[in-house]
Every structure is written in structure tokens, then in C-alpha cells.
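Okay, so here's just one chain, in C-alpha cells, the form predicted on its own.
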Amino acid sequence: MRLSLREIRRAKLRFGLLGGAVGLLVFLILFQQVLLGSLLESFTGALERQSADVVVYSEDARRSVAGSILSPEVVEAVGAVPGVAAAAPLGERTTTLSANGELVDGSVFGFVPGGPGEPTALVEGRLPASPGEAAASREDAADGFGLGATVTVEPGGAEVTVVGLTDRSRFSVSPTLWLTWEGYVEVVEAAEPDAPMVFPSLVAVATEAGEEPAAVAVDISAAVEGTDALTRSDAVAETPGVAEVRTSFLLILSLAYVVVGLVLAFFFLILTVQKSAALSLLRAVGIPMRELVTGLYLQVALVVGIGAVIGTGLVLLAAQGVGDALPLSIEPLEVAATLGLVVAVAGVGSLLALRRLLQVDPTDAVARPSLGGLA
């Protein structure tokens, strides 16, 4: 073990560069994971952070909020299904919002105050209680959606005042407003004055105590024709585009893990081959193989440890620099799990060096003329 530490001290640059390379790879892995989580939160946060246990779509919407339209009769029929404690309309409209004199794409949700479907991640102010009031995404507060701001919904020119801010409750990675159902109806009617009525996009369902949301969702789909009911978590996971984004990121992450293993494998394999003569001599003078193996894995652990510190530090700096447009949420348990997987990959990658080390024969020390042996 002392020999391994002495080797690192004598080759600081070599091991330092390797640690830096591993650190950059760890940063890439952590940053991609954090970015994936934050992107999906910004894409489906409105669904994930609302109070409904079950979300009901129209059957032909293919689980797309924007493509779902239901009639008021469906809301009543869903409310009559056994296991349903309450059912309320939940509207969503992708529209244009004017804030600070600038037009941006955004989403408007309409919910029944006190009923299922209201936002659950309020962090400042209060939820809207009457038409003309709205809760907005805290991530967009600096862009004209802060408390007290007036936002115009286009087309139609309906104005709403922001009375509360929600955390990580955006939809489709855009500013999101939460209005009362009456306020939502007014906004839609202002944009479409010729529309006969405003239909809900979804039905938000609260299940009775002791009922499994998944079972109630199955019952609703079977009992109410033309509906597709999902639990809140399933609605988030089944949102169109989520699976594709997750698969793309997981492919990149898998490649990064492979690169970590290959970099460590080739470095320590080459290092072991280069010092095979010295290792033979150590074995010849009585150094047990167990100590050499321990030294190898000590070096691997130190390199990975340095890389973990560098990678984690860079991710924390990156999270501070991104800002509120797409806030990066760093979860300690996820970081720990990622670093644990990196350690496991490093262990697998070092097996080539271990195999070469186990092949060292102490008799080679007396067979080399450079070591005073016989050719």
C-alpha cells in the first residue's frame, strides 16, 4: 500500500490528469442526469404537482393533454363511479402570453378551487380565488410573471393578475398560469367568442380513502365510455415525448459509463504492463500478491475519488450558473447512486489490470538479464 501511494506521489501529473479526465466524465454523467430530471419536470410538472389522484383523458387523445376534450356529462359520469370521492373539470390551453410587453408561448390551466386538480406546489402568495387572478411559475417570475404582475392572454386580450407563484409546475417547458375554472372559461371565451361552450380537457379525480388510484382508474375507463383514466404518476410517464426524451438521455449516459470503464481499464492495464518487471521483483522478494492487489485498487479508488469530487463540484457550479429558466434540481441520493455506479464501473474496468497483475511470476525476476538473472 505504501508503494502504491509513493508511486502516486512520484507520478502526480499522470494520476492527476487521469483523475481530471474521470472528473469530467463524472460531471458529464451527473449533469446529464440532473438536466434530464429538470427537463422532464419542466415538461410535465403541472401534471405531477396537482392534487388529483387520477387524471381522465378522452380515449382518442392518446394521453395528450392538448388533444383531450371531454364533455361536462363525462365529469358527472366519472364522479358517479364507485371509489371516486370527487371529480372536477381541469382545462388546459396552449396560448400566447404577454408579459413585460413581450409575447411568449405558454400554457393556461383552469381548475376548481378546493377540488382535485389544483396546484400543490405553491411557494409564494396564494392560489387564485376568483376570475382575473392567476398563479404563475416561479421560474418565470423575472420575465414578467412575478407577484402583482399583469399578464395578458392572447388572443382575446384577457388580463389576469399574478397572486401566487408555484414551484416546478410548468407545462411543455413554458410559462404556465393556473386560473380558477371560471377565470379559465372567461379567457377561452375571450379568445373564441363564437364557441358554444368551454369543454374540460381532463377530469381530475380524488379517490376515496383506502382506494387504490390504479384500480379506480381501471374502473373509470371501463365504466365511462370514451375515457382513458390514468394515475397521476402514469399520466406524467405516459405524456407524449417523455419516453423518447428519457431513452435518448439514457443512451448518452450509458455511453459515458462505458467510457469511464474503458479509460480506467486501459490506463491501469498499461501501467501494470509497464511495471511488470518491478512487480516480478517484488514478488520474488516476498511481497504477497494480496498486497499488490490492494495497492492496485487503492490507486483506482483514489483516482475515482478525485474524479467524483471534481465532477460533483462542477455540477454544483453549473447549477448555479444556469439560472431560473431551467432550474437544475440536484438530489443528494441521486448523486450518491450515480457515484456508486461509477465506482462499480471502475471496479469492472480494472479487472484487465487485475488479470495482468495475477499473471506476474516471481521467477521472471531471475530470468531477466537486466535484473541480474540468466537469459
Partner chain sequence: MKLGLLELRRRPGQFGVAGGALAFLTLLLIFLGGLLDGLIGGSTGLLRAQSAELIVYSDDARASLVRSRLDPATIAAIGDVEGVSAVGGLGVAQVGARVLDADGQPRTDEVESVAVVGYELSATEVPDPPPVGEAYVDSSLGASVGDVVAIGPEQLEVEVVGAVDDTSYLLQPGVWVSPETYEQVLAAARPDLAMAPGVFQAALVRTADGVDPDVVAARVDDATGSTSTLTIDDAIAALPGVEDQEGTFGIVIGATFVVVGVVAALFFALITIERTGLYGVLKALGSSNLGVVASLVTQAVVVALVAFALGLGAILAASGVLAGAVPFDLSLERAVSTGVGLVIMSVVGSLLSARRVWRVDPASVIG
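Residue numbers count along the first chain shown, from 1. We call the rigid core the largest set of C-alpha positions that still match within 1.5 Å between the two forms. In this text, all values refer to a predicted model and were calculated from it rather than measured experimentally.
Only in words, not in the display: the form predicted in complex with its partner chain, which the text now covers.
**Student:** Could you tell me which of 194-202, 288-296, 216-224, 137-145 sits within 4.5 Å of its partner chain in the predicted complex, going by non-hydrogen atoms?
**Tutor:** Heavy-atom contact with the partner occurs in 194-202.
**Student:** Find the only residue in V335, A66, V309, L316 having a heavy atom within 4.5 Å of its partner chain in the predicted complex.
**Tutor:** Selected residue: A66.
**Student:** Indicate whether the candidate residues L24, L103 and L251 are all in contact with its partner chain in the predicted complex, with contact defined as any heavy atom within 4.5 Å.
**Tutor:** Result yes, every residue of the spot touches its partner chain.
**Student:** Under a 4.5 Å heavy atom criterion, is L28 part of the interface with its partner chain in the predicted complex?
**Tutor:** Heavy-atom contact with its partner chain at 4.5 Å: present for L28.
**Student:** In the predicted complex, does E244 come within 4.5 Å of its partner chain, counting heavy atoms only?
**Tutor:** Yes, E244 sits close enough to its partner chain in the predicted complex that at least one of its heavy atoms falls within 4.5 Å.
**Student:** Please tell me whether any heavy atom belonging to Q32 falls inside 4.5 Å of a heavy atom of its partner chain, as the geometry stands in the predicted complex.
**Tutor:** Yes, Q32 lies within 4.5 Å of its partner chain in the predicted complex.
**Student:** So in the predicted complex, does any heavy atom of D60 sit within 4.5 Å of its partner chain?
**Tutor:** The answer is yes: D60 has a heavy atom within 4.5 Å of its partner chain.
**Student:** At a 4.5 angstroms cut-off on non-hydrogen atoms, which residues of 261-299 are near its partner chain in the predicted complex? List them in order.
**Tutor:** Contacting residues: L262, V263, F266, F267, I270, L271, Q274.
**Student:** Note yes or no: does the Cα of R246 move by 2 Å or more between the shown form and the other one after the core is superposed?
**Tutor:** No.
**Student:** Can a Cα shift of no less than 2 Å be assigned to Q274 between the shown form and the other one, given superposition on the rigid core?
**Tutor:** Yes, the C-alpha moves 2 Å or more.
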